[in-house]
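Only one chain is shown below, in structure tokens, and it's the form predicted alone.
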Amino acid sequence: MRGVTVRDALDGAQTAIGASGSDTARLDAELLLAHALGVNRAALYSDPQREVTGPAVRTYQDLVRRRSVTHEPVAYLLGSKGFRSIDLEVDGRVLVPRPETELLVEVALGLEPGSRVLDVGTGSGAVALALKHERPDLEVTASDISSAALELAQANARRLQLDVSFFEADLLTGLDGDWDAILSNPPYVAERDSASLPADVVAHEPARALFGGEDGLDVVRPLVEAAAQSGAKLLALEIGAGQSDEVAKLIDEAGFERTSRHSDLAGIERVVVGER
């Protein structure tokens, strides 16, 4: 890549990344090159004839290799991922935050002032921190069974200067609190569907945070029951495609009086809410 222009560097990287199976090869190439050069993507468009030289050459080559050969997620390569109006540090300890998970935050934005909210399985802290950022009046707590994930979530909270409490816990075990709302993006991918996931997800994102048993609901079932027993007024769960009917039934049978469903931009019923 010695002496090549930005345009040529992007074209070559797009070809390599696309051949590896990425559906976003051009975007991947642009994000990685902007990172290697220390500029934003707009700078790539404004000066496509700029030469890629010096240390940036080796850095970009390495990033493209890791993306195209070992299928590392772009967010891990960059070390960060935007989520609503905040930027989160991310790595292999946590799932990459996804746009559909923003629905959990949107559901909670309508809570009464001062409500106590628990984010179960917080991972990078995405839901808890974005909610606290947009609704500083809420009392937000986040939990995760993974101590490694919690370390990263707490680091994000410190960097963003957001006052969220963190606890290591298996679902609600040991968490005493009169929660007004419980939010969660639990593991919900059915093990039988693992072959349909992108290579970068299967190879690099934590399986414990992805897979929920044979039908994907091994964590959802006890979580719904625990949430019902806690007395929470609202429960909102992110789920997988085709799971909304079963999850709505679980929530209804647990004693929540009303259920609603919220679809993502692809039209998939992605979040099921129970209220009482």
Ligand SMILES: C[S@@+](CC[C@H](N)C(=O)[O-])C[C@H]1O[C@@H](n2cnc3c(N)ncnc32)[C@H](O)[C@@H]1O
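Residue indices: 1-based, along the sequence shown. Small disclaimer: the values here were computed from a predicted structure and weren't measured.
Keep in mind that the form predicted together with the ligand is missing from the display, and what follows is about it.
Trainee: With a cut-off of 4.5 Å between heavy atoms, is residue 95 one of the residues that contacts the ligand in the model of the complex?
Mentor: Heavy-atom contact with the ligand at 4.5 Å: present for residue 95.
Trainee: At 4.5 Å between heavy atoms, is residue 146 in contact with the ligand in the model of the complex?
Mentor: Yes - in the model of the complex, heavy atoms of residue 146 and the ligand come within 4.5 Å of each other.
Trainee: Taking heavy atoms only, is residue 63 within 4.5 angstroms of the ligand in the model of the complex?
Mentor: No, residue 63 sits far enough from the ligand in the model of the complex that none of its heavy atoms falls within 4.5 Å.
Trainee: May I ask you to check whether residue 177 falls inside a 4.5 Å heavy atom distance of the ligand in the model of the complex?
Mentor: Flag for residue 177 set to no.
Trainee: Counting any heavy atom within 4.5 Å as contact, can you tell me which stretch out of 156 to 164, 202 to 210, 107 to 115, 68 to 76 lines the ligand in the model of the complex?
Mentor: Correct option: 202 to 210.
Trainee: Go through 190, 103, 169, 86 and name the one with a heavy atom inside 4.5 Å of the ligand in the model of the complex.
Mentor: Exactly one residue meets the criterion: 169.
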